[in-house]
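Okay, so here's just one chain, in structure tokens, the form predicted on its own.
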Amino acid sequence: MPIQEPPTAALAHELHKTLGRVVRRLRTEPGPSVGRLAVLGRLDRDGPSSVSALAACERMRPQSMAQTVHDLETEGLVSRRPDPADGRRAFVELTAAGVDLLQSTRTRRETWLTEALERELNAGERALVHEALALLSRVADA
């Protein structure tokens, strides 16, 4: 008997629900809030950036991003330096403490996920998840 394909809307609903559960579980590991972690991660991947560029990339209002950056700066996780081409603008960049916090948070979260994948899935199931990641990446980039 052939496998019945679920309706796409039902698949989308289940995917959203399940990915949400995984993300919420990852967030229970100690570390900065999601918004702060997103900014630290973006600076790590893309390098120094202006507050307005960070806001656009993270789809936040510039005022909200300015507050997030201010909080991160107060905690010593980012610093600002003037844009040599435009004195009215500043670049935000990670400090050594910001890099350390980002790496330790990633390590804790990835350790939990690694242990859960090894504990809950056999080798064949992990290979299937690996194959599904390419498909999910395409969806994320759409």
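When you see a residue number, it is the position in the sequence shown, counting from 1. Computed from a predicted model, the values in this text were never measured in an experiment.
Although not depicted, the form predicted in complex with the DNA is the subject of the following passage.
- Taking the partner from elsewhere, every residue among Arg27, Ser50 and Ala66 has a non-hydrogen atom within 4.5 angstroms of the DNA in the predicted bound form.
- A single residue from the set Pro82, Gly41, Pro62, Gly76 has any heavy atom within 4.5 angstroms of the DNA in the predicted bound form; that residue is Pro62.
- Val34 is the sole member of Val34, Ala116, Val99, Ala56 with a non-hydrogen atom lying within 4.5 angstroms of the DNA in the predicted bound form.
- Not displayed here, the DNA is approached by Arg89 to within 4.5 Å at the level of heavy atoms in the predicted bound form.
- By the criterion of a heavy atom within 4.5 Å, Lys17 is counted among the residues contacting the DNA in the predicted bound form.
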